[in-house]
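In structure tokens, one chain follows: the form predicted alone.
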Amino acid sequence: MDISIVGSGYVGLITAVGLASKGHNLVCIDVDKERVNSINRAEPPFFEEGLSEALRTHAGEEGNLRATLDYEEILGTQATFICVTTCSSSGKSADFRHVKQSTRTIGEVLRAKKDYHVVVTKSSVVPGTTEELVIPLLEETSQKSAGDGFGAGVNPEFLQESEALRCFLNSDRIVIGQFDRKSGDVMSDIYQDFAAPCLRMAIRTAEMIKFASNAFLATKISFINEVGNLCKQLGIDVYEVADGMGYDPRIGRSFLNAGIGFGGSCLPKDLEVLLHRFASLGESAPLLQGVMDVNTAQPLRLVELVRARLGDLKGKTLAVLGLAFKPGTDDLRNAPAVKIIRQLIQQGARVKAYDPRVMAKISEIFNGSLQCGQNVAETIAGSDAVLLLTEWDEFRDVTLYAGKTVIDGRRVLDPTEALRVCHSYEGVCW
């Protein structure tokens, strides 16, 4: 099938590459000329495991994936996925301006198309958005009626950064919210070569599944962090507790790694959006508000541990290893490390940081107020303490920290080995 993707950021490009690998012909439409050129050169504009290799396979003159600035390219496709960002500039709340702008432009282009065309919302939007915003805008600008002149639907993404392409190609379910059966049939045809079960339902139900799923994952993380805070006081290893819990199939072990909390573009933003939706309808959400509150406070517990070890941080040199919100990505959005570094600098510490993927970005964020290391050894040299904030594999060699004071925010090191090798070792929840 010939498919257009509007927005070639994280979700859009992963979707395009994933569908191209199944034999579809993809055109990515973006307003960023540099990004378009990068994709056409088969150079990913962001880091994600396996993406570079996949893009080299499918992009280029002889491939089945290309990028353009021209929305008119929609006319040569049968379906369009809206994959623009819904993150605000801060990354902490939702912003649907790009959804509105792209929808208007898609509708204007479809005005000239005679054939049936399906527009699919893949961006994460609050339940009700496609029916109350996207479809009316498409009808207004295309001068056609949904279900007659064009089809519409929702196909939420459930990607995990650092393994997004694998997640897309090996989905555990494909959720299709359909305006009508004809719209749903087209979306189902796109995924006919996927092994995952295809669930078809009402549009706002599909939208809600995305938000409810992310809220539940966030809840698991805040839950185990809260339990971990208590376990630390009681001398209990919260990771052994999580292992024991995980054998129960009703609970599962995933997302029960205690530490400094969740970040990224999805969980914080989607939880915030859901809480706003509760409030707008006059409903309370004390559980989900508690999840957010725990996650807001959790990174700062590590700062308190540093103060307990070193006292006044003014003039102290602290080595921070790991800046991305998780390994395998260069995403700094809502990264706990950024919040921690800001607190350390505010308290007068001299911070030297290293991450294998995001050094250019971190320099821009802090505008020269922290030093950037070139590798682990150079970063920790002369430091008063080492803070482990992202669990990159290259940080796991405990011998790197011989004689050092280490505060671990992600269980990067084996505690038994670390206590033997380090001058002192402590975890945020253990």
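From 1 onward, residues are counted along the sequence shown. From a predicted model like this one, the values you see are computed outputs, not experimental measurements.
The next section is about a form of this same protein that is not shown, the form predicted in complex with a small molecule.
Residue in contact with the small molecule in the predicted complex (any heavy atom within 4.5 Å), chosen from K210, H117, K122, K269: K210.
Among S284, Q160, Q346, S145, the residue placing a heavy atom within 4.5 Å of the small molecule in the predicted complex is Q160. In the predicted complex, at least one heavy atom of F262 sits within 4.5 Å of the small molecule. Though the partner is left out of this view, T317 does not reach within 4.5 Å of the small molecule in the predicted complex, counting heavy atoms only. The small molecule is not shown here, but in the predicted complex it comes within 4.5 Å of a heavy atom of N257. Using a 4.5 angstroms threshold between heavy atoms, L217 counts as touching the small molecule in the predicted complex.
Contact with the small molecule in the predicted complex, defined as any heavy atom within 4.5 Å, is confined among 75-83, 100-108, 319-327, 133-141 to 319-327.
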